[in-house]
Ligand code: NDP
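We begin with a single chain expressed as structure tokens, specifically the form predicted on its own.
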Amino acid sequence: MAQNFLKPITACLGQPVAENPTQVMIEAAYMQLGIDWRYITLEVAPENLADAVKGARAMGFAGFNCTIPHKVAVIDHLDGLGESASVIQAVNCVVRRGVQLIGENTDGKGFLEGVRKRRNPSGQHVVMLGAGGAARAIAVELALAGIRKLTIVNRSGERGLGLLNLLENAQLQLEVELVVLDGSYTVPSDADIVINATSIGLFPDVDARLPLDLSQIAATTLVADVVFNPAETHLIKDAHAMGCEAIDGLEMLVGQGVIGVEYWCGQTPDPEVMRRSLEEVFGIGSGSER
């Protein structure tokens, strides 16, 4: 009987990536789907990104994820962009289509799915900390979903203005406010959704705290953190202490991962299987923490 030892390869490119559990989640999805695919985690320095993409192209990767710090820089090395990535100008998922590598963005879609499970974002006032690749994706998807106002809170005025201009140039119908952070930001009581779209608090810097004052936050506010390691960040703990509902970073990770698998192999994995694989990695529910 003929055997085929050539397995379709997908990957994660970033730096640092040692703390990134995407491989566990995606391979659990492949196993659940019954397909013999592989997913590998690769440390790629910014100066080596062009060579890494060439290597993925030459070795026939079915696709790959891009994480910090490559979500914007990778665009220069691709053959084209999907609709959302073109608007956002950031890529987290690259898909091989024929001989071309096409950049997509699943971050915002994955995040929006978690919000919609809890409420309709239309007409909401969103406060978001950050203006990088993940923040761009989330902002665009929330704007397309009809939020009323977005307050961007960021230390870099230049980067914050870049996101503001992106939203205005895309002619998305919402009010956008930029707060250049110098010290701490007090979340207003009229904020419906509060999001940390930065990497502050990501392992190993788990003790780092966001410059957010939640003293005036309403108990009806939905709080979300994109940081997935640890799953229960200081922001998530503080939100629960204030009586707020919260979305942890694992939920966004799973949401965008489902879409990525669909792009790569055309099949939809079970998100619960993917979530459980991550919970096992982080010992959630077992009394242990990383």
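A quick note: this is a predicted structure, and the numbers were derived from the prediction, not measured. Start at 1 and count along the sequence shown; that's the residue number.
Keep in mind the form predicted in complex with the ligand is missing from the figure; the text below concerns it.
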* Asked: Which one of these stretches, 113-121, 150-158, 215-223, 186-194, sits within 4.5 Å of the ligand in the model of the complex when only heavy atoms are counted?
  -> 150-158
* **Proximity of Ala131 to the ligand in the model of the complex, heavy atoms at 4.5 Å** => yes
* Asked: With the partner left out of view, is Asn65 within 4.5 angstroms of the ligand in the model of the complex by any non-hydrogen atom?
  -> no
* To do: Mark Phe228 yes when one of its heavy atoms lies within 4.5 Å of a heavy atom of the ligand in the model of the complex, and no otherwise.
  => yes
* **the ligand contact at Gly260 in the model of the complex, heavy atom, 4.5 Å** => no
* Check each of Ile26, Leu235, Val44, Met252 and return the one that places a heavy atom within 4.5 angstroms of the ligand in the model of the complex. => Met252
* Asked: Taking heavy atoms and a 4.5 Å limit, what residues of 29-50 are near the ligand in the model of the complex?
  -> none
